[in-house]
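Below sits a lone chain in structure tokens, taken as the form predicted alone.
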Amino acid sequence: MKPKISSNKRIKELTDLINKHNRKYYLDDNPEISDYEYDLLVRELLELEKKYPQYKRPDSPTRRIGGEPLKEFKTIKHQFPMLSIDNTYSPEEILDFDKRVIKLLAEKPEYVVEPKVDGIAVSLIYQDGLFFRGVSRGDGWQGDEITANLRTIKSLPLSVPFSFPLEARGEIYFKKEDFRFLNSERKRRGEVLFANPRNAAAGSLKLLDSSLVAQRPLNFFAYTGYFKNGPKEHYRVLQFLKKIGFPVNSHIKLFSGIEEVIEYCQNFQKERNKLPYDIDGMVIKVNSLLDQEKLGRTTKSPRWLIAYKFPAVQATTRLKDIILQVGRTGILTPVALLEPVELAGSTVSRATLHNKDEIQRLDVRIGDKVFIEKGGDIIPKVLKAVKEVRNGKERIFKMPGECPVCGGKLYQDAGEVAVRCENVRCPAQVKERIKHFASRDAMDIEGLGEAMVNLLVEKKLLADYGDLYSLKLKLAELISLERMGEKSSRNLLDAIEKSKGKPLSNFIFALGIRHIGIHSAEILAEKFPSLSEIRTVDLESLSSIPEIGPVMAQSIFNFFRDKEIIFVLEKLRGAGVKTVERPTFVGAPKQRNHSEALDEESIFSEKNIFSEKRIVLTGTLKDFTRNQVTGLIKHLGGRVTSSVSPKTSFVLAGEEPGSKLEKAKTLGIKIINEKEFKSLIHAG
């Protein structure tokens, strides 16, 4: 008979095993087990730690989930100052730096060149082999203790394989794809967008609730380390950090001459946009740690390193006016109206100012000459005003006391920068909510675009999205609208009618609950098979759902107790909109011929043909929308992921596939077309 293992020993085994698989996944990109197997290990560990909390280890992977919110951050003094870096902008300035170094050292040094990741610098302290404390850079001499937030980052090791003290420093950053997804979710929830990945990382680390930080896919690169009896060269320090489990940038190079350094920096500038994260230059460091000590530092920065900054895509123009846009949750966003200017291949006439606090921080005024910037996928933004050329005619922008669209009262929640219009019947909000309700990831109502929504609201045919399903009673008025006619009107009504059968997750997302994106809506639909259950669930039960948490839970709870919302929900229920979970494809997929027809009953007779499969979609499918095929895969037990990795089971490629197809080929991932996908469904 197999001896029973002790709870303490099993917790230790599980902790070590899960940490090992985390390293395999996040550092080596070479996973050894499936997501399902991994989740089972974590679930077992959570249950054991709950039952025997005295055995929970400091490096337990369950600590990455986040803990109780803090009231404030403690201020911690750095053991060694985290100084700034002097910048250069030309090869000539790099040569001047090299000459100064040679003059002080009396010999030519080796240089290490590293991509300058555009993120947030942090210090990580390890004691007795465990992550003990994490501190932000702050003013360089002291920073905020953000240990709980840093602990949630999966690529950051919670333990090291030795007991002597260690300090590792590095950069916290967002990958571009993760940043785009984060901002798209914030936009759907009606929240203020982050200006760029760096701001998103900074904002995440400032959150007092680490459980919210755990929901954001932050990453970490180590760029230096301090410990006794270590290597005497910076390059070898980085190799050592990588060996013991720290993520280290793979593009770091060692050079013996400054000419090679300059060539590498210039070549990398051309390749920077291909990286999955933002960089704004290259950092050049003297390799020898003894030489670094000899070179010393000024009061602001070390003499042994310098940053070669890439030129930003910027322009100057005149700020003609500042207007306010009202989103679907009532948030007022200031927008700069500019004299048109060419920037990065396009004409720019508008730029975001984010919020009133940003306007005050920049001290930008109407009539100012301003610098604007556009980089990557980020919309143009105002960087600063050229105050030196002001003539006294410039006007300070003042936030109005009422909504510019409806005249409703404005309010600002404590601790938030967002100013909102509190009138839920504000035409701007109504339009945005209906657009969101009809959007592709929501009810996917074809023909109900921005222009049509604006027209229907302005003609008072719609007061909210609940009125969509009674439009058929106003067919004559619909036909009489400009550019409509009978055929277009009936097509729109058919599309509205078909949307009634959308999956519950789409419907939940379509409602526009603050803080709830498509992923959160899917979690709710999986947990509660009907809308009536979500409407009646208590706050404590909502808060206990993984990936929901207290902020989202409160938002959901409040939403379904709002009298206006209850009124609209009753309209939707009365119209026959489906409020129970079961994917249906009303009117789709489009049928090519009888032999290719997809019989719904045969599809749903077997629900697990894609069990534990991770599937990536790329390109356009003929007979499915992306939303439909995603819902189908999920119902059949699979999981749709946004990026190709060694864990991907197969890629479903449609017409005009993107870069995901090439990555799949490189990794040897199976690729199937739409016809093969249909065969898999029928075979199941």
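Here the structure is a predicted model, which means the values were calculated and not measured. Each residue number is its position in the shown sequence, starting from 1.
In what follows, reference is made to the form predicted in complex with a small molecule, a form of this protein that is not presented.
Engineer: 305, 542, 319, 428: which sits within 4.5 Å of the small molecule in the predicted bound form by any heavy atom?
Structural biologist: Flagged contact: 305.
Engineer: Sort through 470, 239, 84, 558 and report the residue having a heavy atom within 4.5 Å of the small molecule in the predicted bound form.
Structural biologist: Here the answer is residue option 84.
Engineer: What stretch, of 320 to 328, 116 to 124, 254 to 262, 409 to 417, brings heavy atoms to within 4.5 Å of the small molecule in the predicted bound form?
Structural biologist: Heavy-atom contact with the partner occurs in 116 to 124.
Engineer: In the predicted bound form, is there a heavy atom of the small molecule that lies within 4.5 Å of any heavy atom of residue 137, even though the partner is absent here?
Structural biologist: Residue 137 belongs to the contact set for the small molecule.
Engineer: Give a yes/no on whether residue 171 approaches the small molecule to within 4.5 Å in the predicted bound form, heavy atoms considered.
Structural biologist: Heavy-atom contact with the small molecule at 4.5 Å: present for residue 171.
Engineer: Is residue 534 part of the interface with the small molecule in the predicted bound form - any heavy atom within 4.5 Å?
Structural biologist: No.
Engineer: Taking heavy atoms and a 4.5 Å cut-off, does residue 285 contact the small molecule in the predicted bound form?
Structural biologist: Heavy-atom contact with the small molecule at 4.5 Å: present for residue 285.
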